[in-house]
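Here's a solo chain for you in structure tokens, the form predicted alone.
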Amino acid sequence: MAAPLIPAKGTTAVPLITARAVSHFYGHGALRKQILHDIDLAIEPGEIVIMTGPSGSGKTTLLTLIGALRSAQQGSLQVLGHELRDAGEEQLIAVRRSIGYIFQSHNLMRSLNAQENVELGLEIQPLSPAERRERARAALESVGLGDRRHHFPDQMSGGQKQRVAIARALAPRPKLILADEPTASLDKQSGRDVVDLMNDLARRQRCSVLLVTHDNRILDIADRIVHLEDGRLQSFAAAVSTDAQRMLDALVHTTRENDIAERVQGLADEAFATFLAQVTQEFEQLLRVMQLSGSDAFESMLEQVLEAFTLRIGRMLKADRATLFVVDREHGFLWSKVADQAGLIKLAIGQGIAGRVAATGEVMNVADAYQEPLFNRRIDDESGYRTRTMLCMPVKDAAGTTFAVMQLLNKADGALFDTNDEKHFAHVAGRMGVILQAWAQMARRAVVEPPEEAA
């Protein structure tokens, strides 16, 4: 029995591409080598799919089969309603008319200008010369090269030549675009510009895209990522999760407890902000492609980073104590495992100072805690600690919802917390948003118990 299809994104549309048990071979006799093994894949109209994998894994071969540049040998490959197994040249040509191709090497004719190169891609379309000229002009305008229509390839940068190739691929208004390493020969910014442009135009023209790449900087445009290795196709998350888990396990094993916290304490503010930005970017990349938040290694690393963040914020704003609470609205309380004092702290939403901030999303700056009706003196009485001043601030997501609360106690030298402290915290918390939200989600999945009396 064939393996299940690697599915499209879940709509009920008829897939533009359906591959079932597709295998492909090169050579004959003793030299015959299998390149693709039982490929199952479905891509829907309007979907952008990125295919990754090491060199020699069969990515380009699969792309040429889907692109009707050769007929499929085994299995079933239906593209745009045509079965391509053992398809003849006439049928392959018919399919190619509805496909746009973009390659790493641009494949522009050096003797033709940009306008003529795009028109060349329209030759197989049933259009008049005037219609081809207008289509080419409009396509070049759409990629920002309307003023360079009469420039030749040798007069253009690599990014501009790739834009011409995109215009040539989109001018026939294809139902499907196949792109093979379109950013490989470009610098970081040019590659980003090209792929964003491709994404925007494909969305506007409502065509599907299958993009082969080694460039992990552009994975964010994909609706879905699949991975091809040794001629076998699998989901991207399945392909990388084992290696990523092994990496995290090794990282935690070699990182002493509090190493991160100790490291950041000596950093200047700007260096600390840069450190947070780097860590946030790494977590974003991990969270984008897989769900690792259930692993002990992931939780350990996340808690180390958050502890460093909490302690550093306390020192940065010259607070004697700092606690970061996670807001669990589903169960009606906020709690913290990351604090400079041991033990779990729980507060009911709406009760106490931190609970009120969680409920209202507004900062509370308390000059005299014992004069504030919401303050509960029980913890002070039990611990012998004397709370004087408090600054309690919400941490919000992009939608403006409070998902965490930072509580600071007793500013150094008896001074009061002020608006500069609030601004300073907001700046750093903004740089840390992804990690804070990841930990908040992880914490909310923990075993839920009734909250203790609010503090």
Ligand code: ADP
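One rule holds for the numbers: they count along the sequence shown, beginning at 1. In this text the structure is predicted, and so the values were computed from the model without any measurement.
The same protein has a further form, the form predicted in complex with the ligand, not shown here; the description that follows concerns it.
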{"property": "4.5 Å heavy atom contact, residue 57 and the ligand in the model of the complex", "result": "yes"}
{"property": "Partner proximity in the model of the complex: residue 50 to the ligand, non-hydrogen atom cutoff 4.5 Å", "result": "no"}
{"property": "Touches the ligand in the model of the complex: residue 404 (any heavy atom, 4.5 Å)", "result": "no"}
{"property": "Partner proximity in the model of the complex: residue 423 to the ligand, non-hydrogen atom cutoff 4.5 Å", "result": "no"}
{"property": "Heavy atom contact within 4.5 Å of the ligand in the model of the complex, the stretch among 41 to 49, 406 to 414, 26 to 34, 389 to 397", "result": "26 to 34"}
